[in-house]
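Quick heads-up: it's one chain on its own, the form predicted alone, in structure tokens.
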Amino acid sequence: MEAVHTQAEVTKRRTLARSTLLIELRAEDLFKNGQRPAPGQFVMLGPLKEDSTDPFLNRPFSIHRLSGPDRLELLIAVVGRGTTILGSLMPGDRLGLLGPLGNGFTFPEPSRPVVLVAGGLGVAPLFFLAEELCACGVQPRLFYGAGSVDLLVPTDGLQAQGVSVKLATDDGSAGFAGFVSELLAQELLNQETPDAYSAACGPMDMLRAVTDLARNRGLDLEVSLESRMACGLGACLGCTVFLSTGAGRRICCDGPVFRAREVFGP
């Protein structure tokens, strides 16, 4: 699907967790001619306010889910000036949007078991993937971790669709006490995982740990990488990542989804 540069309208905003907002945008141009974004793709937002170029650079956000025939939802962690401006937008406000961008996840065959692993706001693209899989009759398992219970976004909607959700928090305030990669290792220890497909998104250290586990368990793993970006189109090279072979790849247009073995080695 070809990316479009358009104006989007804020139609909903609400707080989901500490410093984390959900913003719904109406962006009809992303859905023209029956097209729609795919799980794993992202959008660049900016200018964040009409008639303003502050901040100058656009901001990348994974698509969290599609909430209507012309609407998408994003998760916004309010951590700096740009995201503070985004967090101040109200229904009816408009902002620039470029997307959908990047390459998404590979859809597994319906017969394959699916394991999803999310760390922090890495849950955003995996939520979208899980919903699309459920719509195809696949019921994935989601392992989701954060620092504490107040940083977890609600997963009730996924569970209502049949997704099995296991939680982990670093401080033990909800679910498993420890890292989500440790929870995954514990859950898979005595389970057979033949031909299983897995997808992960989160901090780099978590992705390394999940990749090691996938390598030992024979999981077919894709990882969605996060990065600061300036253009989202591959021109600025600001989001370049160096793969295990030493080759450079641009997260924005060669990813953000890669085979785990490409990034961390076979």
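Quick note: we count residues from 1 along the sequence shown, nothing fancier. None of the values given here were measured: they were computed from a predicted structure.
Same protein, other form: the form predicted together with a small molecule, not shown, and the subject of what follows.
- Each of 42, 75 and 226 places at least one heavy atom within 4.5 Å of the small molecule in the model of the complex.
- None of 110 to 118, 75 to 83, 88 to 96, 142 to 150 except one has non-hydrogen atoms within 4.5 angstroms of the small molecule in the model of the complex; the exception is 75 to 83.
- Exactly one listed residue, out of 158, 124, 183, 129, brings a non-hydrogen atom to within 4.5 Å of the small molecule in the model of the complex: 124.
- Screening 66, 241, 213, 57 for any heavy atom within 4.5 Å of the small molecule in the model of the complex leaves a single hit, 57.
- Although the partner is absent here, residue 61 sits close enough that one of its heavy atoms falls within 4.5 Å of the small molecule in the model of the complex.
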